[in-house]
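Have a look below at one chain only, the form predicted alone, in structure tokens format.
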């Protein structure tokens, strides 16, 4: 504690001296007159956003935030003790207007164990307010600043060790609207990415503690939106309608990783990069630095599930950086057509007449022999040759109670694909998106299913080509997992 208290003021003093070195001694611009009107800010939890500001004058805005150290789920079956601004990760969204005077009341709950403070990137002054907001458990402090510049800014705790406080979830966003306001939209959402470092591995169960060495090495266990795996998927997905203009305020708390933010199936009409006020148009993926933010706007034209990710893609499918925007409305097939018919392709240099016919296996032994090759060519890239899968994104086939519970269901999944969360051996695997394998022949599908249902500890009866043919004739449909 002694190191933290002495180091921060010294570093700030050194930074100030270096910054002022060589500057002319001109008189700085004067701030606007002190506002006479006082209002209390409506600070809200993610993914919600306070209402847009419609006033045409500056006021004194009172913002009250309570620091809470709380234990909450970080992933399915795993908990973590987060340090938070307001009881959630990210911290509460603050919305003010350019020129406002912000009176920030920072309270440290009596049951907390650590002192905390707040560094707001919207502040013009050394430390962003951190040196003037240091507060012990059971105490509160008040800090006042003028919001001189418009933009979307991150805020975070800056108490030593700073990285640990941020890694435990102490970050949020403050929007300083320009004096003229923002263009109106239909929906606004608040999303903030963070990387988390736990002593256990990804998907380990039970209480998880912070791992300082992992954080120093920049090897996160999880990369998450809004502080928990599944916080913005399934029942927690965001919602909009076809044709509505959507604005997302997206931050990156870090503490280490840069985000490559992308909405699959959407092109951003406008992106205000790094929280600035000058938009760029027609952007596919935007970089958001640690401690930074971006505002993205787009209009979904087709109904369905739009998954948004950190496009450093293993973070999305293996460490949790996924969210969903569920869009309702009428489909436009001229814009987004249905999938065409499945047609054979023998290769440009191989005449179709010379292609050897696929032998149809008749016994379980023949199915197993053929299935091993089909699995290696078609399935092993995702499910692995050992059948172990790729947790937490892809569940195991080895010893799988889900696979072995229903042979007919397995046939329909192989034909039509699988969508939604599934529970395998007591573990929930969210946002499953297994594609259809109807392009395989009846014999190929039957042999692959027979192989996986009789390998890696699984023991089951054979799936015959006739079983697949019957299911195919009944209609190929995506299997919707239990929600």
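Positions refer to the first chain, counted from 1. Predicted model, so just to flag it, every value in this text is computed and none were measured. Just so we're on the same page, rigid core means the largest C-alpha set that superposes within 1.5 Å between forms.
Beyond the structure shown, there is the form predicted in complex with a small molecule, which is absent from this document and is the topic of what follows.
Interface residue among 142, 382, 368, 72, judged by heavy atoms within 4.5 Å of the small molecule in the predicted bound form: 382.
With the partner omitted from this view, the residue of 220, 396, 127, 230 that lies near the small molecule in the predicted bound form is 396 [heavy atom within 4.5 Å]. Although the partner is absent from this view, residue 420 contacts the small molecule in the predicted bound form, with a non-hydrogen atom inside 4.5 angstroms. Shown alone here, residue 424 lies within 4.5 Å of the small molecule in the predicted bound form, counting heavy atoms only. Using a 4.5 angstroms limit between non-hydrogen atoms, residue 41 is distant from the small molecule in the predicted bound form. When the small molecule is considered in the predicted bound form, residue 449 lines it closely, a heavy atom lying within 4.5 Å. Partner proximity in the predicted bound form, defined as non-hydrogen atoms within 4.5 angstroms of the small molecule, places exactly one of 402-410, 230-238, 94-102, 301-309 at the interface: 402-410.
Annotation for residue 115: C-alpha shift under 2 angstroms between the shown form and the other one, rigid core superposed.
Once you line up the core between the shown form and the other one, the Cα of residue 374 ends up 2 Å or more from where it was.
Once both forms are fitted on their rigid core, the CA atom of residue 388 lies 2 Å or more apart between the shown form and the other one.
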